[in-house]
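Below you'll find only one chain, the form predicted on its own, shown as structure tokens.
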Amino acid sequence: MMKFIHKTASPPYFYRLSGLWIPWLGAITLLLLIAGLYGGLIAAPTDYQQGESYRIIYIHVPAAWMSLFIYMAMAAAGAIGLIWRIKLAETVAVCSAPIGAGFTLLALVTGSLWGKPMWGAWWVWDARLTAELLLLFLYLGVMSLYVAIPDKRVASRAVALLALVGMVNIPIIHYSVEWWNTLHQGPTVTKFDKPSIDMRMLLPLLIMAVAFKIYYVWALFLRVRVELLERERNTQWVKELLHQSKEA
């Protein structure tokens, strides 16, 4: 098992393997996005309270889920790189930050677009909204810290430490609507008994969530490949790869 893990974590092996997966991941993401958007924006019924404005959840909710998921993945990869000094894990942590920041910004913007007609304001200092904004700052802090330190191995360790410290914000975001009296609505999908949402509305939402996750993997593979080439530019396998591309 450990031999398989070390083989998969090898930069040249990952580079070749990810190159095979990228086209398939892109195609699957596109198909799921089309199905999810059609189901959510066209096929799903109109909400009896919020009318058509509720349809923004098909972007907002999966983006908010991804903002938390990617941060946890980034912190986990950073911890693996910090403990076992695995280059690929360090690279995954660093490359996850811009993608996670994009999803967090998307969640904040779409939340504001929904909040204006529902709450009468683009922004309120609600507990969940404030914690989500802090999450964006954490992502930006990780990105800035990595750029600021010239030695990329040292920068990766600093990024891992910052990401792990920032993990304290994740349960705050998740449980904020239960711990405090906030404007943000409580959970409707992740309830223990059953989701408080019509299945015709729920299914497209779940499809969009899967699409966003696969998009994350697709975008991550693209970014990691570029970062690996930069980090490993003086190694033999990169030189051979460049030689092969010139001959082709």
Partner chain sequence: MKEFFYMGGYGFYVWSSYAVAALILIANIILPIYQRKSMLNKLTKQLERAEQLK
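From a predicted model like this one, the values you see are computed outputs, not experimental measurements. Numbering follows the first chain given and starts at 1.
One more form of this protein should be noted, the form predicted in complex with its partner chain, which is absent from this view; the next part is about it.
Might residue 14 be said to contact its partner chain in the predicted complex, defining contact as any heavy atom within 4.5 Å?
No, residue 14 is distant from the partner.
Indicate whether residue 199 is a 4.5 Å heavy atom neighbour of its partner chain in the predicted complex.
Residue 199 lies outside the contact set for its partner chain.
Any chance residue 72 has a heavy atom within 4.5 Å of its partner chain in the predicted complex?
No, no contact at 4.5 Å.
Find out whether any non-hydrogen atom of residue 229 is located within 4.5 angstroms of its partner chain in the predicted complex, and reply yes or no.
Judged by the heavy-atom cut-off of 4.5 Å, residue 229 is in contact with its partner chain in the predicted complex.
State the residue from 59, 203, 68, 32 whose non-hydrogen atoms include one within 4.5 Å of its partner chain in the predicted complex.
Answer to the contact question: 59.
Going through 208-230 from first to last, which residues have a non-hydrogen atom within 4.5 Å of its partner chain in the predicted complex?
Heavy-atom contacts within 4.5 Å come from 212, 215, 218, 219, 222, 223, 225, 226, 229, 230.
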